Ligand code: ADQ
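The chain below stands alone and is given in structure tokens; this is the form predicted on its own.
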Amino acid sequence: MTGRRRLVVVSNRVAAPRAGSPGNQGGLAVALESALKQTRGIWFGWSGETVDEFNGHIRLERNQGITTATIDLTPEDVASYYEGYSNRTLWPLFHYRIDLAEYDRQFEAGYASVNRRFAETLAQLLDPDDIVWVHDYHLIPLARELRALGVCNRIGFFLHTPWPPVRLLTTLPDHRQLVEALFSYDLLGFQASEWLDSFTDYVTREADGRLGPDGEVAGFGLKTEAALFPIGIDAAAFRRAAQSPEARAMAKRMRTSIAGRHMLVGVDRLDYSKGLEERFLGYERFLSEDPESLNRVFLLQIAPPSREGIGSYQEIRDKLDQLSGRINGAHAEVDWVPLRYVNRGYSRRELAGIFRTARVGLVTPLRDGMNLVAKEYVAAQDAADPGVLVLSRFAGAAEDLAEALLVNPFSQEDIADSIRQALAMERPERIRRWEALMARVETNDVAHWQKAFLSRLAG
């Protein structure tokens, strides 16, 4: 526990709750809201806005009990730090897609520069007893930059993505400098044992490091602690959201639209790591192999666009447009389409209503740090008649949610078989699996994650 010590959260973007947008906060905002309020903390990061020349101006605001401190970046910063090194280099690499990773010294220089600017600006806000919690791959060097400025606070880092194995990470130029920067943190948090093991494997093999008791890791002549902290959702709040007027209205709308059929649902950001192309192909195989299911089932895929300025994201959108057209063209009837493909977002409460009416939840990323949509699908279900979660074995959530139908997302046959099994599953088995899943979602919830990390970081 942090006691009376103030918590300072740092992330690339600040997404604190806003008045007038209930039920629509991002996962990180929901996760950190209570800790920030309890400690009268600050959430620091990029505003999402740009200025012609960086001026270091800090914009302080207070919304629903949370203080945010944001800075603007230049268009050049955004191009090199955010779109470049963060999302063209590290994101594909950390998701095992070295074929898509772009290595450019200008990207790396911009990444270093913005992390330095973050540190120089943040240092002005820190009190000596503050606990600093840094989030995600955009800000790996931040603690090193803060230490160079004389900051001695306890600083922790939590990675929301996978950590790649050694053979992939070493394709990154200057990979040693990136990993060494993590040793400026007092505590490193990973979401799944595979990601933690990959990190410690790198340290022992590439940095002549060693592992000590209680998560101690030594390397580069430095020491830190690395441990497993599986992130969760606010299960009670999401269950309440599933009973909200917005959710009930959406559920009623969906039941009318379903018209006695079974609905499969996928909700994913439009990203190549989410396995959407493979999911569509697996569903197409299911339709081809099970003609008796035609007109009895449909897939609703919600995929809001993201990072549209990056070529690989434009390519995946084009592929999915073509695939959805092909699937509907081959199998649709005048009063039924097998695939409803929607490129827009919905509020958390609306999604809760959609999840509650779906017989099958398809969460099949090719690689994912955790995937909280899987846990939200479980939390939204009707206990008396729950749906079935089909979950990629390569999502971090698979460690937490072993009673789901675990699937190899690279196999069309495996996806088709899992859809078939989920649709045929009798109610007693669906209830048994759901009860085990829900117990774990409630136990390993967001409060448990937050308290476990901050208690250990506080020392």
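Being a predicted model, the structure only gives us computed values, none of them experimental. We number the residues from 1 along the sequence you see.
Keep in mind the form predicted together with adenosine-5'-diphosphate-glucose (ADQ) is missing from the figure; the text below concerns it.
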Per-stretch contact check against adenosine-5'-diphosphate-glucose (ADQ) in the predicted bound form, the hit in 296-304, 172-180, 379-387, 125-133 (non-hydrogen atom, 4.5 angstroms): 296-304
Checking 369, 164, 282, 110 against adenosine-5'-diphosphate-glucose (ADQ) in the predicted bound form, the residue with a non-hydrogen atom inside 4.5 angstroms turns out to be 369
So adenosine-5'-diphosphate-glucose (ADQ) isn't shown here. In the predicted bound form, which residue out of 331, 88, 160, 144 has a non-hydrogen atom within 4.5 Å of it? 160
Heavy atoms within 4.5 Å of adenosine-5'-diphosphate-glucose (ADQ) in the predicted bound form: does residue 345 have any? yes
Any of the heavy atoms of residue 274 lying within 4.5 Å of adenosine-5'-diphosphate-glucose (ADQ) in the predicted bound form? yes
Taking heavy atoms and a 4.5 Å cut-off, does residue 225 contact adenosine-5'-diphosphate-glucose (ADQ) in the predicted bound form? no
Using heavy atoms and a 4.5 Å limit, would one call residue 267 a contact residue for adenosine-5'-diphosphate-glucose (ADQ) in the predicted bound form? yes
Heavy atom of each of 251, 263 and 422 within 4.5 Å of adenosine-5'-diphosphate-glucose (ADQ) in the predicted bound form: no
Only counting heavy atoms and a 4.5 Å limit, does any residue of 217-234 reach adenosine-5'-diphosphate-glucose (ADQ) in the predicted bound form, and if so which ones? 231
